[in-house]
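Below you'll find only one chain, the form predicted on its own, shown as structure tokens.
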């Protein structure tokens, strides 16, 4: 217990120790987080009327980000499988960073749910024995369980492995390996259950399709490893922690395969929507080509979805040409294009059209308000702040700069003073 308390105390002190660049980065993210928090307090006082959401479009950019970030968290499994199942040494050295990204992504996802509630103080209605949790009948209760469960699993794995590294001891496989295996299935479940939240709303025909869950997983296993590819290069450039190109190119292969699967499933969905040209395809027509209703033409999302598709196709072309994909510059470009494209396609391009037109046939377009953009910026900044802080601690521990022996001289002086 004493070692653990010393570890927590020294970790707290290390959190505020770093280079001027570290202070500048963390300070910048703190300011953005504070701006977002202020915007949320205004929304909390005034209500959701400050957002662009309406009775017809009741989900907006908050749920779009939630959907994207759940996939980002699930993508940590793409490091866990090669590291622990196939025992890839180069992946074993960096798997902890993927799990830290999962922790940050899940916390951001929960924050987006909180700001979307409008009245987060009413969350007590879902607390068992106090409110009505409605498990197992409500898909929302399933999502609550899998998200918080996945967060706890990753906190346990990361916390235990880093603490053992700090102590200089070999981790006990009995304590963490069962949770590693559990995290593989759990990572798939969090995005599958999120997909079922959409599919279960049978009145929204745009979501009522069997391939929503596979599309979610395909895009998740593209976006998450794509972000980690960039993060690994930033880590080794600024921290000196050695991450091999081999690990990056293993992730590149995963991104390539997942992106091609995602594009294939998107094409299948488009064929289903447009070939029959039924009334159930009105949401898809609004998304891809615009929709005419009562003499007016609506097409707010058309430019975004086509730009998103072009980005994903361009990324796929770069990734499937090995001489180009092996060059870090072009690989980074492909990862950025794929992530931005997926954010629009799976976020705004999936959430918003599900409400347009409404079941009554009315067309009310949605555009995020300035408050929504500020709150979104604040949550992303807080997530990056949290991820950067966890990386700061983890890198020092993994490099061996931060360990229990560093406390020995201080401990000896204390013992002499007591004597």
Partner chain sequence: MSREHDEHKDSRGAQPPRTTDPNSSGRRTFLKAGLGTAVALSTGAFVAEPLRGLKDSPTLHELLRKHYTKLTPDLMDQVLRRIERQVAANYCAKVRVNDPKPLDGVEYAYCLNLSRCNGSRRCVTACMRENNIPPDHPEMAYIRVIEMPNDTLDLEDGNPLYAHETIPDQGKFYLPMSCQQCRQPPCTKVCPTHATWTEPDGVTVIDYNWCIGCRCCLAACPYEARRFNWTRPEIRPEQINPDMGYLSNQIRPRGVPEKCHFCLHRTRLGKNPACMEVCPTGARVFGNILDPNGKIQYILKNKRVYILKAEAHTFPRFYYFFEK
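Residue numbers count along the first chain shown, from 1. Because the structure is a prediction, the values reported are computed rather than measured.
Just so you know, the form predicted in complex with the partner chain exists too; it's not on screen, but the next bit is about it.
Candidate site formed by 34, 58 and 140: every one of these residues places a non-hydrogen atom within 4.5 angstroms of the partner chain in the predicted complex. Contact with the partner chain, judged by heavy atoms within 4.5 Å in the predicted complex, is confined among 99-107, 69-77, 262-270, 195-203 to 195-203. Distance criterion of 4.5 Å from any heavy atom to the partner chain in the predicted complex singles out 124 from the list 275, 86, 124, 174. Contact with the partner chain in the predicted complex, defined as a heavy atom within 4.5 Å, holds for exactly one of 310, 321, 117, 234, namely 117.
Contact check for residue 134: a heavy atom falls within 4.5 Å of the partner chain in the predicted complex. Residue contact check for residue 367: none of its heavy atoms lie within 4.5 Å of the partner chain in the predicted complex.
In the predicted complex, the partner chain sits within 4.5 Å of a heavy atom of residue 54. For the chain shown alone, residue 384 is not a contact residue for the partner chain in the predicted complex, no non-hydrogen atom being within 4.5 angstroms. Looking at 12-35, the residues that come within 4.5 Å of the partner chain in the predicted complex, counting any heavy atom, are 13, 14, 16, 17, 18, 19, 23, 34, 35.
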